[in-house]
Structure formats: structure tokens, C-alpha cells
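Single chain ahead, by itself, as C-alpha cells, in the form predicted alone.
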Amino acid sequence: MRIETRKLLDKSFSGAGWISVFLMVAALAIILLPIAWRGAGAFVFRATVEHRRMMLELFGVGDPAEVSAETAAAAEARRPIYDMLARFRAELSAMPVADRRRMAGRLAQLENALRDLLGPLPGDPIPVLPRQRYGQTRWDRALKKLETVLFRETWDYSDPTRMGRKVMVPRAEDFKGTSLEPFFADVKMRVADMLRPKLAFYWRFLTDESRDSHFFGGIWPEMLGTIYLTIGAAMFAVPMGIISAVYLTEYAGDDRLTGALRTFIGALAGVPSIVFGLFGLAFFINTMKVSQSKSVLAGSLTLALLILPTIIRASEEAIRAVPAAYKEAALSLGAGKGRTIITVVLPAAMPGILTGIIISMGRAAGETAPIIFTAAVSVGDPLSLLETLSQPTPALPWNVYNMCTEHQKLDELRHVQFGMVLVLVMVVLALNVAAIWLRARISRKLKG
């Protein structure tokens, strides 16, 4: 082949490689940057006085004197609008029956919207659910709830050729000519004084337990459950994976049985993860009875089977990459085969083995399907080590999926959902970075 043609091909392949890298980085940026931006909202946001009051009452965090002073100031700012509501209720009794019924219905809708924004109104009984006990704890959500106070939603079906069109009608028009007409301008003007937003860094999102189905608090049970499942899967899969790889590379011959074993291992690596979940339910829970129902133990065993083929393959390739001279030198000095494997081959192959192990742990941490039937629940308390043998646990991947599909108030909890996704991505990224760092560190030590 001519030199010019080789140079042209080299440049073409190099250019294609750089283009591929650029496209991959761009794809990752498109996917990860929105997650990072919206997930950061779980940690950094403008918190209202309702948030500070909630943190003090539910979690015991904050300065009681300062929160009491802020609550009193917010109550003082709210008093004029509560007085307007009281005066209008008094006016209702003097209205004709038809007008009274119409206005009472409109007033009830307005009061419900105001409860969502500010919490219980004066005279209301103390609600049972924490979500009804407090107003909006985040300023961004408060502004959205303010819209429901100022406007009511209706639908325009005047055009029969098109679907209904949503129309936002100012509520002030519903109370025109009454003492409540200036109420809406007053609420809009006073909303900042009534909620007193301040920039907050909520690092306790990682360490607080959730309250009232993630309306308040953090994701500590989910984080702890993910850690339990990931470490548990590694505890079962790593010894079996390394032993299997040693057998296949050092003891098994190149016969049909060994070829069949490698084929089966490769096939297992391609089995859909939901199949492992169903197998874990049928075998570990229903047949082996490792627990009465879902448990961290059953989930860990299922995830161990999921990542076992990857660990075997990575360990096998790492062992095969050890130079034959290392083994020959050890055997020539009188070491037996087992001693040579333990003291020479495995330490030399450790960078590749660790890389496979940690990447497999990253996969186990992010899997949802295998733990649906074996380990995960939507809500729960943090488990002790002993409880992992018999109790299920919340987990980040499952709770992200569950919130997307089943939570009735997902629009109000997007920050929690994206916060979970961000934490899960960071956990997987940290495991991959750890794999790179360990591989480089051990390689340097082996080279001396």
C-alpha cells in the first residue's frame, strides 16, 4: 500500500475517532446536564418560612427563637387577607339564596387554593397529614400555587372542530363588586412577606428520612438500601466470579465442556434483567425461602447472579493478560500451582479484576427490574444490618421509577425525583472513577 494512502486512511480513522468521541460527549451532556441542573434543586433552592418551620417541628433542625420570630412576622403579613375572608363570610348571610350558594362554592374553591399556598386557615382543625399542615416550603412551588389562587382553570369548547382549550380566568372577576375584590391584588403584593423566601442549602437531603411520601425530608432510606443491595451483591458475586475465572483459565482444559460453560456465561450476560428478577422471586423466595417475602438478602442474591457473568469475564481476561513468564518464574522457584495463582497471578491481574468488580457494582446499584420482585418497597425506614436478612428496603432506582409511575403528586415532587436521579448517577460515576483510580494505583505498584 502506498505511503500516501496509509496516511490518508490514518487521518480518516483518527478523524472518525474524534467525531465519535465528540458525539458521545455531546450525548452525555444532553442527558446529564438537565439531570444535574434539576437535581441540584433538591439541595439548593429558595426556602419559605414554612420550610424552616417544618424542619424545626419534624426534624428538630433550626433556631427556635428565629423561626418563631419569622412565623410571627409571616402571620402578621397574612392577617389582612384573612380579615378580608372573614368579612366576606359575614356578607354571605345577607345575600339572596341563589347568590349565596354560588358565592359559597367559589369561596370554598378559593380557600382550598389558599390552603395549598399558606397552610391551614384560621379556625381550621389541625390536619393529620404533614402535607396539609404546612404551606408551600419552596418558593418556586409557591409561585405556581399563587397562580391557582389568582386564577381558576376552565375549558373553552366553543370550537367544535378542535379539542377543548384551557383558559385561566381571574378569580377577581368571580367576586367583582364584593368586599373580596381587592383580595387578589393584596395577595399578589404580600406573597413574599407572607412566605419570606430565603436561599437555602439543604445538604440533609442525603441524610434525612422522608416524611409523608417524600413531601418532606430526604432520601437516606433509599441511599442506605442501595448501598446494602450493591455491597450484598458484590459479597456473593465476587468470590464466585474470581474462583470461576481461575478455574476456567488455569484448570479447565479447552474441551467441549469448557466451551459450553463459556457459552452459558456469555448467554447469562445477555439475559434481560427482569428475567433475573422473576428467577429471584421464584427460586430464592418461593423455593429456597431465604426470607418470607421481599428482603435485602433476596435482592442481593438476585443482583449477584446478574453481575456474576460480567465479573467472570473481566476476571478471566485479566488473568489471561498476566505474562506467562510470571507463572514460569514462580514454578521454577518451587511454588505449587495454587500458591503461584494466589501469590503471583491474582495480584498481577488485580487491576483488571477490580475494574470489572467495581463496574459491576455500578450496574447493580442502578438496576430496577431485579429488585422489583425481590427487595424494593416504595417507602420504609432505614434498616439495620440484621434487618436486611428479612426486611425489604427502599432503593434509589426503584423509587425513581415508582415516583414516575405511581405518585399522585409527582408534579410537586419533581425536585425529589431528579435529586434521586442525580445521586444515583453520582454513585455510579464515583464507582467508575474509583475503578480507574484503583487500576492506575495498583498498576503503578506492580511496576515498582
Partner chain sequence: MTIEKVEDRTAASSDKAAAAGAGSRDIRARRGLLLSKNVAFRRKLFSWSSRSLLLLITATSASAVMFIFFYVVKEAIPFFLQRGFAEFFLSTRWYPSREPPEFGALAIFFGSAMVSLGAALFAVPVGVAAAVCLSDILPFKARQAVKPAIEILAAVPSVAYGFFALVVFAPLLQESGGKILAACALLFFVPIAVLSAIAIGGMAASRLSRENAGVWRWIIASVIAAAGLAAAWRISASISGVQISSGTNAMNVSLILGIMALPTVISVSEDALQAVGRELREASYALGATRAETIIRVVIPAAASGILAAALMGLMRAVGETMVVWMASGNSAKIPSPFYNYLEPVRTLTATIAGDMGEADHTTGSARYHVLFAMAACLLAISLTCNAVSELIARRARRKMAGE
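Numbering follows the first chain given and starts at 1. If you're wondering where the values come from, they're calculated on a predicted model, not measured in any experiment. Just so we're on the same page, rigid core means the largest C-alpha set that superposes within 1.5 Å between forms.
The form predicted in complex with its partner chain exists for this protein as well; it is not shown, and the discussion that follows is about that form.
With its partner chain omitted here, the record of contacts in the predicted complex names 271-279 of 69-77, 271-279, 139-147, 102-110, defined by a heavy atom within 4.5 Å.
Contact with its partner chain in the predicted complex, defined as a heavy atom within 4.5 Å, is made by none of 126, 156 and 361. The contact residue chosen from 235, 257, 90, 199 relative to its partner chain in the predicted complex is 257, the criterion being a non-hydrogen atom within 4.5 angstroms.
The listed set 305, 318, 117, 311 contains one residue whose heavy atoms approach its partner chain in the predicted complex to within 4.5 Å, identified as 305. Mapping the unseen interface onto this chain, residue 369 counts among the residues with a heavy atom inside 4.5 Å of its partner chain in the predicted complex. At a distance threshold of 4.5 angstroms between non-hydrogen atoms, residue 404 is in contact with its partner chain in the predicted complex. Within 4.5 Å of some heavy atom of its partner chain in the predicted complex lies at least one heavy atom of residue 418. The shortest heavy atom separation between residue 398 and its partner chain in the predicted complex is within 4.5 Å.
Once the cores line up, the CA of residue 283 ends up less than 2 angstroms apart between this form and the one not shown. Superposition of the core reveals a Cα shift of 2 Å or more for residue 259 between this form and the one not shown. A movement of the C-alpha atom of residue 438 reaching 2 angstroms or beyond is seen between this form and the one not shown when the two forms are aligned on their rigid core.
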